[in-house]
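Here we start with a single chain on its own, the form predicted on its own, put down as structure tokens.
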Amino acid sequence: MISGIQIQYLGVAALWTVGLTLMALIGGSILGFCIALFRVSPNSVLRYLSVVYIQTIQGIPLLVLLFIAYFGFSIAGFNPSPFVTVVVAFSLYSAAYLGEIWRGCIQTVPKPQWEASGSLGFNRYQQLRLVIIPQAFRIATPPTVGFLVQLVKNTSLASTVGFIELARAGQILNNTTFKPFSVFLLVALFYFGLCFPLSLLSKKLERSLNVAHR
């Protein structure tokens, strides 16, 4: 039987998982937004650089990316905490996927919207800020929340560089209790408790925003 203190220990680890997910989402959103704009830019150099970034990051397993960040900081002479290391790695990873998701959403906005805003004398920045991005944001919300679910589950890889999140906390607890079934069943319930509401939110947003019938 798992004690209340042990459940509390997993609960604290689950909060670290949530914190890591949010930090990765913030970092990935900032960089991913820039990448999405580069992908739809009329400048071919920016488009090329953004494609190279996306293809490179998406072509590397997240586990390897974590090792590169971990050892890369050491070679560069830095010694950040495991939390900083995994936030950087997860932000780079998230940016590649969010950038591509948001690029698709921007390009989904009908072409007449571009033409109509252009006929009003808007420059490209005004077109994006006032017309295109508000519509793309509406389209992008459900898939972004869906990606967030994957991000929560992928945080279990952060333990490979010494960061103690929910999955790692489960391993540590199992090593002291020798009750793997009970411990990891509880870990699974914590993950389910985090991911299931997000999945419901994604479906609800998709229905309420009527994305499929735009």
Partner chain sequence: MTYVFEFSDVLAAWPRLLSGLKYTAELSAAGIVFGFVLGTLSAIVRHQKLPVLNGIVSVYVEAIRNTPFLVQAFLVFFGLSTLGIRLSAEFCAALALTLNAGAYTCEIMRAGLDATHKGQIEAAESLGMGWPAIYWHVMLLPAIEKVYPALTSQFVLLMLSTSITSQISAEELTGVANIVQSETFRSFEVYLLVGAIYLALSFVFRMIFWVVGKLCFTSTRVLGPSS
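Positions refer to the first chain, counted from 1. In this text, all values refer to a predicted model and were calculated from it rather than measured experimentally.
FYI, the form predicted in complex with its partner chain isn't displayed, but the following is about it.
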Check all three, 19, 135 and 138, heavy atom within 4.5 Å of its partner chain in the model of the complex: no
Interface membership of residue 42, its partner chain in the model of the complex, 4.5 Å heavy atom rule: no
is_contact(residue 125, its partner chain) in the model of the complex, heavy atom dist at most 4.5 Å: no
Contact test in the model of the complex: residue 50 vs its partner chain, heavy atoms, 4.5 Å: no
Interface membership of residue 33, its partner chain in the model of the complex, 4.5 Å heavy atom rule: no
Heavy atom within 4.5 Å of its partner chain in the model of the complex - residue from 145, 164, 46, 63: 63
Within 4.5 Å of its partner chain in the model of the complex: residues from 187-207 (heavy atom criterion): 187, 188, 191, 192, 195, 196, 199, 203
